[in-house]
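One chain comes next, on its own, written out as structure tokens in the form predicted alone.
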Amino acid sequence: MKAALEMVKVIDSHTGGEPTRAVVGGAPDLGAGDMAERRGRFAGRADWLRGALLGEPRGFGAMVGALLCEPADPSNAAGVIFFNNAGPIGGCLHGTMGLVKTLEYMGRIGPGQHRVETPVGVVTATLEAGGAVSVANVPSYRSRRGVAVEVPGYGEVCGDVAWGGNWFFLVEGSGPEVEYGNTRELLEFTSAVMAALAAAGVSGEDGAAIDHVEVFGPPGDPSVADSRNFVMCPGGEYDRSACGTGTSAKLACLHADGKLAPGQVWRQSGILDTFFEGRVEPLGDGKVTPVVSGRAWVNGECQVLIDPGDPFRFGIGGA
């Protein structure tokens, strides 16, 4: 494995309560190429980072890792590969916001527009003078509308299949009430829906697995947000924020239904009642560019020590 590696430098942040652990030093070299190519090498060269940095005893299941990379195009601010407790993931807007604030903390960028290369494409992030970050995401769209699946213990559940940088199944009107006190029940429901989708063969384009289930309900405070969501992520954890790629998928569906005009702001709160603001720019062919805005805070910096004698140096249960 990587027992000889002694230190990995990380900078922590959170976006609306959802943590991002950015790896800024000491990680393996994933070679040349774009972020999709380098993500393909992640499992062979850097997968140990998941357990070492995100697993107990150093981390916890909901943390998202962001491996900072040199961009393939040097005119871009950075490249990044996101990963969670289940493996590398595609896009991550809360993580992009956290990465932008991390780059600012490191003195690498200031207010203005910055292009960030991800495995699913280049996104443009704008760091506002007041600290907020807006991200123009990859083209997003609804793939299938009103898909019904039979979920054991819950009956028929209908939802939309949509892409926002990850594949989502968006549900409204089914399952437990979307509020923080119901997180255990919501985890059970969304896990059951995820399993039912897989069993029924419901997928994204080209057979891609739907790895996020997003449930919607009314907002806690209608003067602050238009909706509240609960998002189940790969690996069985829920998003503490309103989920940027999930908000992108929601915006695409709203626009497809004629409920969101170009430039109109939608305020999506998460289970903690922190929220993102989003709007869309139509691209044609049913696709939109979602622009999602939120706030992130850097809240830690450390050198992680990988001790060859530590049985849990790669996390509890890690290789």
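Start at 1 and count along the sequence shown; that's the residue number. Everything numeric here is computed off the predicted structure, so don't read it as measured data.
Although not depicted, the form predicted in complex with a small molecule is the subject of the following passage.
Participant: Thinking of the small molecule in the predicted complex, which stretch from 217 to 225, 90 to 98, 126 to 134, 178 to 186 has heavy atoms inside 4.5 Å of it?
Facilitator: Heavy atoms within 4.5 Å of the small molecule in the predicted complex occur in 90 to 98.
Participant: Is there a heavy atom of N166 no more than 4.5 Å from a heavy atom of the small molecule in the predicted complex?
Facilitator: Close contact exists here: in the predicted complex, N166 approaches the small molecule to within 4.5 Å, heavy atoms only.
Participant: So in the predicted complex, does C243 come within 4.5 Å of the small molecule, heavy atom to heavy atom?
Facilitator: Contact with the small molecule, yes.
Participant: Can you work out whether D160 and the small molecule are in contact in the predicted complex, taking contact to mean some heavy atom pair no more than 4.5 Å apart?
Facilitator: No, D160 is distant from the partner.
Participant: Indicate whether H212 is a 4.5 Å heavy atom neighbour of the small molecule in the predicted complex.
Facilitator: Yes - in the predicted complex, heavy atoms of H212 and the small molecule come within 4.5 Å of each other.
Participant: With the small molecule left out of view, choose which of V120, L197, C233, A78 has a non-hydrogen atom within 4.5 angstroms of it in the predicted complex.
Facilitator: Only one listed residue qualifies here, and that residue is C233.
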